[in-house]
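Shown next as structure tokens: one chain only, the form predicted on its own.
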């Protein structure tokens, strides 16, 4: 049966992408009262650790950054083409504050220091610098600072998280750490252990009680208990506090390997609350065709597997990511941008993409590839002119940055989204 053609949706802004940059852009636009439509795949969000990195490692080195603001100052001096050079510290702070305020309202509060990175335990027992931490993990930051006696717990059968490994790695600098593996009979009855099953089971008191009873015999002199990030999908702080009351000591989460519960939490928070802000969302939809009207507006055909809806937008913000998000595609002739066929800043040829050593601290040239923009985040041609006055780009698709190596993923995404929305909102043709 032929599908009924719906009337085109008209908006001021179309956000293409549903990763962190796309979500942040739609959020910032909605907060400004901008009529916004958003389409994209949210799968990448499931790989999020929940930690909001701003700037943690100096590029081309292994030097760890404790003060991200001083680090960003040096970055702008040494790498003036880096996207962080297009936004001020004030814009970055505003962007982070807006994002964390939204998540607090959605039931996922965050904590952090005003001017310093926090130090967080990773699932392999190393220490990571990050700017904002889920409130459920903050007691772990405090325990690490004070080196208080602490019990690290894993769940038997839950893969990718070993309390023994974490303790073994950290014990030389943190002597009062102990490890325990616990069984959860309720989960045993349900078959193989999956983090999401456990997390949803802890949303009821019986599940929390069983977990506390399993941990209690191992508590000893511990002043805090660290668990994998499994403390529910919704109401995580309520669950964490309830467990702490049952055990008599603070409880904290440790990030797990992706895909992770922290990613599910973020995805569900955005899915549930963005429409309430007025964003017209088409998650799990992609753009199948793009054209332009005589007045400069974009016409986008979006749908799941084929065009289903037409959107007419005054402005478009591209937040499609790099290779994983399919914003960039690599071929024998080089690297291309997948939707608008935008120019891509990239190494001279494929032979220059990678260094001989995979973990070379200088990084690989391919990781600096991306779309180059002007100071208003508009993609530009080789001679520096905007491809379109009303097309913007934000996030990891931008050139001259290696967010993975510099531990700056969320910071880069939200800061450039903020800068692009601010530029778009002040646009006067």
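Numbering follows the first chain given and starts at 1. In this text, all values refer to a predicted model and were calculated from it rather than measured experimentally.
There is also a form predicted together with a small molecule; it is not shown, and the following applies to it.
Looking in the predicted bound form, is the small molecule within 4.5 angstroms of a heavy atom from every one of 20, 40 and 47? Heavy-atom distance to the small molecule in the predicted bound form: all three under 4.5 Å.
Can residue 236 be called a contact residue for the small molecule in the predicted bound form at 4.5 Å between heavy atoms? Residue 236: no, not in contact with the small molecule in the predicted bound form.
Mark residue 25 yes when one of its heavy atoms lies within 4.5 Å of a heavy atom of the small molecule in the predicted bound form, and no otherwise. No, residue 25 sits far enough from the small molecule in the predicted bound form that none of its heavy atoms falls within 4.5 Å.
Taking heavy atoms and a 4.5 Å cut-off, does residue 262 contact the small molecule in the predicted bound form? Residue-level check for residue 262: no, no contact with the small molecule.
Can you check whether residue 124 is within 4.5 Å of the small molecule in the predicted bound form, heavy atom basis? No, residue 124 is distant from the partner.
Partner absent here, but in the predicted bound form, which of 375 to 383, 395 to 403, 362 to 370, 59 to 67 has residues with a heavy atom within 4.5 Å of the small molecule? Looking at the other structure, the answer is 395 to 403.
Proximity to the small molecule in the predicted bound form, single hit among 324, 206, 293, 276 (heavy atom within 4.5 Å): Selected residue: 324.
From the list 220, 258, 80, 336, which entry has a heavy atom within 4.5 Å of the small molecule in the predicted bound form? It is 258.
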